[in-house]
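Take a look at this one chain, the form predicted alone, written out in structure tokens.
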């Protein structure tokens, strides 16, 4: 009845204890809370550092959680990176909210795994008896739904169950079902958004962005289907499709217009860790007759959390191949300027959240200017994402930013809708 790795109650024992808590709550007319806790990015850590390291991290987290729960609470492990806390004899949400804050606090201290420092956070879903379910199965189901909503919101989030989440869950299941046949049905297309050199105003390349239109679901947002694809091996196949389609288009543009344009392609964490990545990139470049320097691979900061050696080796191999490497969405989530010196990046992409309000937010202005100065000091180029106004562009010009991308220069669009390319193409006046 106990988990062999952590010594915590296992799934069967947790269910049994919840059934008992429900009976007591019915007699006393009070409440029971179920907190479903799922570690963020644990699979990446497991895949890159090994299962032994993953188990070490799980034991560490279990010990931290045990220290902060009440003596009357139950902490159990459901399996993998999933924990459950049962809180009985409560009258309102106050003790639950306090525990959520304690969980965030105790996990904010980085873990040491195999002599490496690992950042940990958890997404939490909460369901309360009797309003969110009158049985153990319903409470676990609804806390699980709430946890997935937390995942969608972002790392370290906590969500209380609401009936609306049933519709969200149904939508997610439909997306997942249709996603498995999207490639076969040729439902994916690639849109392209211009990247502009600020100093000269020339378009120097494009970022390839995946779009999906499904016959049943209509236009599906990447924020809806990419996380689902990432949780399965589908993202590797889809990522390979985007890479090849984008390089085929780049080859046509370079052949027809004689320009040395570049193509930026996003590579997801799972795709980056896949052993076939380098082979896939080499084959696609050769197939379309492109030099390696024409490709820019964009990766997110989150990938850097798992293990320096594995990621560093893959990035070094890409650099040796001649591919440009960009850190995408810099400034969000785990931002650390030390990444700029520890990893072989060529380009830093400042997240659009920092660009959006730089005209009125002095803090954002100082951050953007500092990032640009630091990146330049380390020999990196900088591109600002989400540039929408001339005022934003003027400030970026003043700060010495190298490149810009955003609606000011054009929305992402299919290749056939992009204006004829020419060496004289300039940004809007």
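Residue numbers count along the first chain shown, from 1. Please read all numbers here as calculations on a predicted model, not as lab measurements.
Below, we refer to the form predicted together with a small molecule, which is not included among the displayed structures.
For the small molecule in the model of the complex, the listed stretch (62 to 70, 385 to 393, 370 to 378, 32 to 40) containing residues with heavy atoms inside 4.5 Å is 385 to 393.
Remark: residue 268 counts among the residues lining the small molecule in the model of the complex, judged by a heavy atom distance of 4.5 Å or less. Contact annotation for residue 262: none of its heavy atoms lies within 4.5 Å of the small molecule in the model of the complex. Mapping the unseen interface onto this chain, residue 210 counts among the residues with a heavy atom inside 4.5 Å of the small molecule in the model of the complex. The small molecule in the model of the complex is approached by residue 223, whose closest heavy atom lies within 4.5 angstroms of it.
For the candidate set 81, 274, 296, 328, a heavy atom within 4.5 Å of the small molecule in the model of the complex is found for exactly one residue, namely 328.
With the partner removed from view, the residue among 284, 157, 193, 74 that has a non-hydrogen atom within 4.5 Å of the small molecule in the model of the complex turns out to be 193.
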